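What follows are structure tokens for two forms of the same protein chain, given separately as structure 1 and structure 2.
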Structure 1
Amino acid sequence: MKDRELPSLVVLVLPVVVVALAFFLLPLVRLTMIAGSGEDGLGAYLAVVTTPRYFESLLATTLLSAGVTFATLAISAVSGLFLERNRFPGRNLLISLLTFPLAFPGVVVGFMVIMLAGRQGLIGDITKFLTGDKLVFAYSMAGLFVGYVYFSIPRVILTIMAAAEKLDPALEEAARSLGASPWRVTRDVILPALKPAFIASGAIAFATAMGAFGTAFTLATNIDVLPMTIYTEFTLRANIAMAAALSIVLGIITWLVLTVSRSLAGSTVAAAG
């Protein structure tokens, strides 16, 4: 490298280093120190898996996020492929409606779930009319699942549509010419080609569900997910060290999922949202 290029390189790299230190490394170091400053010291991290309340909250959050991810991928794969390969009146409006939840904060999504499946919700009114019993599930894990899927779909469907647009039609035509059925073409040609998009967007959906707070806060009647547990420890119990330890554990799990997905998906697909 020539000496005259060194100042230019420093000018380009310095902002990245400053941002990484100020907004990533230093806050994480501080949070880690706080987690070890309580009565239990570094045992706070061990308490995450040895204390039933914390462990159950962690397990419920992980399972919920995994379920949301798979459901979102299934819905978005079918919808994304259909919308990308078909042109019809109102298509652009439908895509806009499917991506509209990106503009909503979690509290608004939670309120919409209440309007759908709450005590005065539409589903409750319909089920009461049909069966005499009102179905209410907004204030449970089922309601949270619906809310998370709702705001995860835009993040996944945009990525899948972008990947589907780049598929080579010649590969599908070749498979059909060899006698492959539509199902075989989908299974052996389309889905493998979309695998990087599934992995990348699925990881984003999982990470978003793991850390989502606003929707859970709005629906938190019978819900005990990790963001709510962290909030409770910090605000109601003043257990700042435990809240910090739970935050670090949540961050590590999310980081591991994103790292593994990045290595599996490669750099061919950029996650939307």
Structure 2
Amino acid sequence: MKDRELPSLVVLVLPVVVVALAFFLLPLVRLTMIAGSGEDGLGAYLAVVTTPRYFESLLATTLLSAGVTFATLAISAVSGLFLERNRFPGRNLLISLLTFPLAFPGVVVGFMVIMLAGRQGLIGDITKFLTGDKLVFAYSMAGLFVGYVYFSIPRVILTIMAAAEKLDPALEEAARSLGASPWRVTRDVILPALKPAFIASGAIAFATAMGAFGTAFTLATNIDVLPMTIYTEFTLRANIAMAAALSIVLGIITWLVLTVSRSLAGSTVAAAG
């Protein structure tokens, strides 16, 4: 029975494999080759580390992404657990609002940051009213940080809520029956049980922040994060080999983070991205 089906299964899966090979794998291989075909040959890869401009950009992007990941996880853990564990009027509305920006592309998120912290933004107005000085930080690394946190909160909250929903309430009841305070229950039982969800959604938030482009593009073209550097190399300097090398390095980093988190968190990452 099994072998009888094989030809039909091959027919079903062949189109997608052909498309993926032709338009994804082959281009990626080509990109890798081009990265090694510039003036410096394979030195282009070395240049990612040795050229201060590139290395600083790589470092800044990594730090920014790590910061975004931890901030988002902390915020989402508090709100996600709160929403999952309490029932009150307006809860569903609150959840809908919190997940509303889920489908916003990076460019729109960038615009939201401008609305908040831009030259005509809300924070500027408030600080001017309070202190007389207008606080404007949208067009910098800080603005990018706010944008990425904005972008990541909805999906991380959803993942955490989904995981918290599946927790066996008996675990918490058992801990309480043993005399644990609410805080200890949270620390000793709930947070450890949610670890896979944290790893999974954290990895996605990190990888997204590493590779995101739209938000930075909207805020300012001179923020030195890796995707912007790649874009600049490619379009303004026409240094295709360097752009390719940087892309490959960036791709390897995000792929590694996602793969490692997948093995740490089990199959949950596969279900989340």
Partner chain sequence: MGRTRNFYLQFGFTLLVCSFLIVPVIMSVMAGITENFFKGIASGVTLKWVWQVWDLYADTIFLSMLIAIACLACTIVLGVPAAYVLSKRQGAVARAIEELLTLPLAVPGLAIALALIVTYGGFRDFRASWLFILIGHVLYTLPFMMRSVLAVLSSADFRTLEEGAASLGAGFWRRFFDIVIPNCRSGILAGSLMVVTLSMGEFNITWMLHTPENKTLPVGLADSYASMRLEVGSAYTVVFLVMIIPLLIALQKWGQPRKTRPVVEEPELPSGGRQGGKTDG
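Rigid core here is just the name for the largest C-alpha set that superposes within 1.5 Å across the two forms. All figures in this text were calculated on a predicted structure; none of them were measured in a lab. Residue positions are counted from 1 along structure 1's sequence.
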Chain form predicted in complex with its partner chain: structure number out of two: 2
C-alpha of Val16 moved at least 2 Å between structures 1 and 2 on rigid core: yes
Threshold 2 Å Cα movement between structures 1 and 2 for Gly132, core superposed: no
Core-aligned C-alpha movement of Pro89 between structures 1 and 2, 2 Å or more: yes
